[in-house]
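Single chain ahead, by itself, as structure tokens, in the form predicted alone.
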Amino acid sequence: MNLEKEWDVIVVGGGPAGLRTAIKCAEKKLKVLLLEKDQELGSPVRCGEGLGIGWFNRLGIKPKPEFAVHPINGAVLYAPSGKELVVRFDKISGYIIERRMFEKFLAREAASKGARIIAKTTVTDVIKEGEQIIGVKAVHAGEEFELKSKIVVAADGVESVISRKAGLNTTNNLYHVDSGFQYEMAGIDFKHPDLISLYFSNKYARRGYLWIFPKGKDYANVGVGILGSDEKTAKKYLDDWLETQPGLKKGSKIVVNAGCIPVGGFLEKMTLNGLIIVGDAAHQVNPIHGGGMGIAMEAADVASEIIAEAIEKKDFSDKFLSKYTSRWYEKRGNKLKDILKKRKMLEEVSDKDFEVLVNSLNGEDVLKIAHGDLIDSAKTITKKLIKNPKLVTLMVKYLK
């Protein structure tokens, strides 16, 4: 492959976390190599493909028609009975994106800034010199080779083989892992093509929810996320639910996606000597809805700052690189810990309780609660749910 043997940074994994790390490190004039095991970046897809406008703004990414394929104006929440609660914004709140096109866009940006990207290359192990990681072993087209780097970035997804090979146990507790299954469907009918639709029902999505992420008026990602240790598969839950939805079950399933989704279990340790972990590999995901693209790219920005500092100071020790962990928790991790507490509260809401919520609240009420307006939220809950003491207690616990 005519590859140089020594690099400043080797990034393992070509998802949003890895690509964003490559972009930001290349911007800092570092010598960057990204290795991706699949033959095509962005495939297979393991998410609903939604990204909020706040993330586009925070990350400085302009939504382009090539990958931001469908604008979203809010969400509609469905109770088990089918009763809906519409939360609609007066402007675009996000986009459904095509991950394949988005990751190719990120790859082109990384390459244009000087990073080298090689697909269909499996990193099989790390190279150590004592306790220091100094490179990787990889295979491309049957050819085995070794490459050295000052820092290795593990961005290889929820399984994170590289983290384990390096000696850092990133195995997640089953309680913090959801199982997801999704169809990309065409020729379907659904009510709100400008909103994300979320369906809550313990019968069809135990400890989770079903979703419709629209890509057009008759085209959408339709999926489910459930507790990973459930005895019933996510596919079975989704198929059973689709049988109750005439407008959906008539559609064509043109893509099938499945995978594990970390929804907690944040790592207290995300570095070793010469190693940094980002994205799903570090369980950097919103614990309630499982979304991780924006969080992963933000973590990549933090990681690239520490990497650049480490290379400038020629200090690749775990002690120095651990600044990444503390900086990430300050910026995002502590907020996600709070969200994890809210997820635990939501797990206690029965179908009956959810019906009371949907029948008692409106979209404005939901926005107050979601934005953490504690005083207004408390007034709303006390006034509207006082007839249901159990639910009042639950919501007060949530607000705390």
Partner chain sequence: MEEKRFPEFKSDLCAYCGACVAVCPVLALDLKETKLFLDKNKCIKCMSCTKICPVGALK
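Because the structure is predicted, anything quoted here is derived from the model rather than measured. Numbering follows the first chain given and starts at 1.
Although it is not shown, the form predicted in complex with the partner chain is what the next lines describe.
- Using a 4.5 angstroms limit between non-hydrogen atoms, Phe181 touches the partner chain in the predicted bound form.
- In the predicted bound form, the partner chain lies farther than 4.5 Å from every heavy atom of Arg332.
- Taking the partner from the other structure, the partner chain in the predicted bound form has no heavy atom within 4.5 Å of any heavy atom of Ala308.
- Shown alone here, Ile96 lies farther than 4.5 Å from the partner chain in the predicted bound form, counting heavy atoms only.
- Annotated contact segment (heavy atom within 4.5 Å of the partner chain in the predicted bound form): 151-159, selected among 103-111, 195-203, 151-159, 300-308.
- Put simply, of Ser322, Gln132, Thr233, Asn73 only one has a heavy atom within 4.5 Å of the partner chain in the predicted bound form, and it is Thr233.
- Cys260 is the sole member of Cys260, Val86, Leu248, Ile127 with a non-hydrogen atom lying within 4.5 angstroms of the partner chain in the predicted bound form.
- Residues Leu59, Lys313 and Arg327 are none of them found to lie within 4.5 Å of the partner chain in the predicted bound form, as judged by heavy atom distances.
- Using a 4.5 Å cut-off on any heavy atom, the residues of 9-46 that reach the partner chain in the predicted bound form are, in sequence order, Lys37, Asp38, Gln39, Arg46.
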